[in-house]
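Just one chain follows, in the form predicted on its own, and it is written as structure tokens.
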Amino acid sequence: MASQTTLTSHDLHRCFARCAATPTLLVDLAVVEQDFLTFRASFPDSPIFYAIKANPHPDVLTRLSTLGAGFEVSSVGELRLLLGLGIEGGRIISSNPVKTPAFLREAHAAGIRYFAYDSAAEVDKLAELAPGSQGLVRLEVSNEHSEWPLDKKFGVDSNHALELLAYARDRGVDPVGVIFHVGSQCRSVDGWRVALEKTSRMWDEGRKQGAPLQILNVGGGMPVVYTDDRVPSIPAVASAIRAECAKLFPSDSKVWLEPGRAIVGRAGTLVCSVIGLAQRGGARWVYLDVGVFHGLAEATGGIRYRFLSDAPGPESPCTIAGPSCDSVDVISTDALLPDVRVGDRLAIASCGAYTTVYASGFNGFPGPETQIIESWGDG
């Protein structure tokens, strides 16, 4: 099972005391470091490229940089952020299969050489704007075990992937590898096992056809604990991946990975306030000053958050909604909370990933401010 950050009642009070206003996202760098080091220990022979889309706070990036992490970017904004922190292009890759021309130009000039693609048009862009690049073709794999699937927008089948490997070679883009993604918050190691089996068949055929495949990028998707602590731990995912790779791939194959959520998710606690209460259709409704438009967008796609309160009394079911004037702004329909009152504060666990980056400010409500800490017990 994956580990989770457990807040005692005392810690919860101290979290609330830290926040002069809400919503505030507390990000514990000690937990970020701990979870990155877990990845390093679990994948000792693999470079770890943190997917900065999960949480691009400069303090998070700086801490990971000092630990030796690589980084994955998709845009000019993400690239410039890393370069501004003194992180050189040789430590950066880009796995977005559809990149803007402006980004490709800047990325190539910065020294980035590894790019993903899943279309002939993308290969053409790489050949023109990033000459001498090394390409990884994005293979479509099942996302059936994922709470946040990614398989409809990107990736190609095995036959098309083989055609793109040959096309990339002809256009001067070195076809060095294959990349896949099992979907974000993958709940079973079977997701990687099935993906690796599919990849291995294509890998063997690609090598037969002259593609110098060396890099197997297994992407991200490693989960964190929200309400279900039965999701696999990072060591369990690593063990499954290593076993399949040893069985299916040549010994000279290099395994890369791009975790995002599993490095920063557990480190974040979102502190918010109760702003309203109602009884509707026989159900108790609790309204917060943060919602799906202001940091909790993943609630619309299957992520179920864990809510913590210091209010007295037994817990009972309730529907939790955000502050906006939109009926889509419902975070949970089956949460458990005690008898909270307007003005009470709540903590939402495992919110370090995909919160501030999704906040839109819709309806004039602000997204969470980030406060960096070093440990939950830090005064």
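In this text, all values refer to a predicted model and were calculated from it rather than measured experimentally. The first residue of the sequence shown is number 1, and the count goes up from there.
What follows is about the form predicted together with a small molecule, which we do not show.
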Can any non-hydrogen atom of Glu244 be found within 4.5 angstroms of the small molecule in the model of the complex? no
Evaluate His294 for contact with the small molecule in the model of the complex, applying a 4.5 angstroms cut-off between non-hydrogen atoms, and reply yes or no. no
Looking in the model of the complex, any heavy atom of Leu61 within 4.5 Å of the small molecule? no
Considering non-hydrogen atoms and a 4.5 Å limit, does the small molecule approach Ser95 in the model of the complex? yes
Students should find that, of Gly206, Gly155, Gly260, Pro232, the residue having a non-hydrogen atom no more than 4.5 angstroms from the small molecule in the model of the complex is Gly260
In contact with the small molecule in the model of the complex (heavy atoms, 4.5 Å), from 234 to 242, 266 to 274, 279 to 287, 252 to 260, is stretch 252 to 260
